[in-house]
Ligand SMILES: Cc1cc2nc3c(=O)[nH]c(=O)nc-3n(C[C@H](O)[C@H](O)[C@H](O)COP(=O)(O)OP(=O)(O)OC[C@H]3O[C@@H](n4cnc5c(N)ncnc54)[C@H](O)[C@@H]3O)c2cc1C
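There is one chain below, alone, in structure tokens, taken in the form predicted on its own.
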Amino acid sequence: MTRTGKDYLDALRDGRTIWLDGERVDDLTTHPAFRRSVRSIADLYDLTAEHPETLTASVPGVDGPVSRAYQIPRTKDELKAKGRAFKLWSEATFGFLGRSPDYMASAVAGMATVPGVLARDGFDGSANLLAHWRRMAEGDLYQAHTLVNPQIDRTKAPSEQMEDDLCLRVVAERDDGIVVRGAKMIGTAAALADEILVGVTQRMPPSEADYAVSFSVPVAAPGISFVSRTSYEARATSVFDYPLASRLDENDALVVYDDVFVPWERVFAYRDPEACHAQFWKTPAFVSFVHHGATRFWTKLEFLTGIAILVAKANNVYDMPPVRMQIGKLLSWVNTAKALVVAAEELCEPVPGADAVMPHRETAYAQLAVGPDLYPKVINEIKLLAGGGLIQLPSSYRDLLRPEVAALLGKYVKSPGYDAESRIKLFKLAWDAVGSEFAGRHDQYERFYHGAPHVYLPALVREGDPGRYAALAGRCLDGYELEDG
């Protein structure tokens, strides 16, 4: 059954080790760096009870109904239904929670679609993966992941780093499980989740077998610690002044695994680079990441375009032809983002070896290139529309509560249809979306959301159909000869 927001908040009080500003965080639900953001996630769980027809599904073999994100789509209609569920949750957070619980849930469902890719000589993790999918779905648990090795020396393989345990690796094998040591970076929202799936997405040679492992463990497992980046929620002086950062900071952390014990039943791939790679690339897991991410990105562009429209109206320039051109440009980008989602669903393709469908891979991978290109352009257009209004803002909502200051703001910070409070409120929101430290993180995040260009652009060639395009051009070449003049 799906959980409530209270269930989620209660589960966070499990003694997990989170370090922030030199101190250990005792309770995320009350700490000023996390309390509002985890409340926003709890609200998503409560939203499920309000929209069960959109956000839940009955899944064969799983006690339910369960979150639709954990559903394995068997038809195009079921895939589109998952997309509608992603859209509803994305709109609830304006597209600013990239690693909301439905993100990794969909990827786990993708892995469970073709568990046989983990049935390998030496270790068969297929049954473990299926059991994990059922357990996570039935508990409506929040799965996070850490897949990226720390940036130490990127010219060297994990085993060639200056120390053996900089990248996570297997250091011991026991009758009942394995022991791992090392770290993974960019644990986005991992500190806020129930479990962390550790894995590898890039190809690794057989010589790196110690580092080729995949498993899932509770966030509070002994030996796991999080070193959090700056909390934008903690830096937010109020919701009025920072309406996004104060409530939607999903956090990123370095996750350290210090001799963490992993029972065999939680291991999916063991000392097998090919199995680790297949878990994401020979199942719908990665393309499921993209389906969710593309839907969220489309929603985020809708939201940002809405801000641009309100800013233009507040400046009383919305009807000016040059401004209409700017808004039209933004709307064209919104619809480009939407079209990629619609096409990926409409052109869905069968999953090899399974009675299921997945988003159209070539379209999905195209989104990986389009999204990072569009996002900075959208931000720039909003900055151009807003001009100095983004900078000339009172320091705090408290200025509006001080009569003598409020009188000055009331006279000099207004526009047709907008009194001082309304205008300041709008421009504070715009600044938090495009100019604050929180906004800067999102700019960087959207550029590298699913990896660096050298990862996703070659994937488009590998997973696409370049031969067909070359053949089309070749057919034209074959249609004439030198003697044709």
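Please read all numbers here as calculations on a predicted model, not as lab measurements. The first residue of the shown sequence is 1; numbering continues from there.
Quick note: we don't show the form predicted together with the ligand, though the next part is all about it.
Not one of F123, W264 and R266 places a heavy atom within 4.5 Å of the ligand in the model of the complex. Of the heavy atoms in Y418, none are within 4.5 Å of the ligand in the model of the complex.
At the 4.5 Å threshold, heavy atoms of P65 stay clear of the ligand in the model of the complex, well away from it. Within this chain, Q151 lines the site of the ligand in the model of the complex, having a heavy atom no more than 4.5 Å away.
Contact between T146 and the ligand in the model of the complex is found at the 4.5 Å heavy atom cutoff. Scanning E302, D252, E233, D241 against the ligand in the model of the complex with a 4.5 Å heavy atom cut-off leaves one residue, D252.
Between the ligand and the residues H31, H51, K425, R441, the one pair within 4.5 Å by heavy atoms in the model of the complex involves R441. Contact with the ligand, judged by heavy atoms within 4.5 Å in the model of the complex, is confined among 31-39, 55-63, 425-433, 442-450 to 442-450. In the model of the complex, just one residue of 81-111 lies within 4.5 Å of the ligand by at least one heavy atom: R99.
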